[in-house]
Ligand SMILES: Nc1ncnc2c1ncn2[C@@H]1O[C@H](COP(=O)(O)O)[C@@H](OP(=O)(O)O)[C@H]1O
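Taking the form predicted on its own, here's one chain by itself in structure tokens.
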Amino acid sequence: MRCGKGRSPLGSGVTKMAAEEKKEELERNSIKEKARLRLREFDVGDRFSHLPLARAAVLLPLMVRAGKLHLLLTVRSMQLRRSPGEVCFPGGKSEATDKDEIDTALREAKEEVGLQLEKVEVVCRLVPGIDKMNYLVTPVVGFIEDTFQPTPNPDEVSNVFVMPLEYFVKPLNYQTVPYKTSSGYHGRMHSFTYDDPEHKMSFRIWGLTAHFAVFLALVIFRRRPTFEIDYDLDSLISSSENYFMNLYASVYERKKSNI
């Protein structure tokens, strides 16, 4: 009596697992490609690099996790003199050896969390901001793998965490803080509190870090947030650039008045 050939349960399980992994990979690639196309519309390149301010850059590291876009952020070491314990993106001041803001952001990310340059797919540079020290800070957006294991430099970084990008348009815990510069410029500062299930900790994201994260979410999701913003969503490119130039004019006038 001949026995028919049966499929091994183990082989069937492996095939099913491979099919699921392939499906997840296709989904990841689709999410990334949609984000890439949108981000490239907003790439400012070196358009603002000529402005007469000291320069800095930060990396906004995007990853796809559980079918959604996430951002990696760091917590500054308590040993640092400037803004100890605050949440920020990997980044810092430009150095003479940096070719541009992309070089600065990648170098700093490697120094702070061990992110290798070749592991980052740089997508674009977005409209810059100006920090409280009057540095021109350029946000560089890049994709990294969700398997990345950070190795924080304890002299600079005390913690690293990942949170959904969507939180920056639909937060559970949000406050807005109005502010006014010495030259009379009015604006609002976003402040988010995120309860991280992985670390069982709450993190506060505010100031320029929150500003960049909100703008990134607006660019990618094209969705009106649950809070007020300073941009016209129907003309986000021009309104974001106008917002920045008004801020720059305020800072520039203040610098001239102090000479």
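None of these values were measured; they are calculated from a predicted model. Each residue number is its position in the shown sequence, starting from 1.
Quick note: we don't show the form predicted together with the named molecule, though the next part is all about it.
A residue is said to contact a partner when one of its heavy atoms sits within 4.5 Å of a partner heavy atom; E101 fails this definition for the named molecule in the predicted complex, lying far away. At least one heavy atom of Q79 is located within 4.5 Å of the named molecule in the predicted complex. For the chain shown alone, E166 is not a contact residue for the named molecule in the predicted complex, no non-hydrogen atom being within 4.5 angstroms. When contacts are judged by a 4.5 Å heavy atom cut-off, D155 counts as touching the named molecule in the predicted complex.
Judged by heavy atoms within 4.5 Å of the named molecule in the predicted complex, the contact stretch among the candidates 86-94, 169-177, 116-124, 142-150 is 86-94. Applying a 4.5 Å heavy atom cutoff to the named molecule in the predicted complex picks out E108, E111, E112 from 108-129, in order along the sequence.
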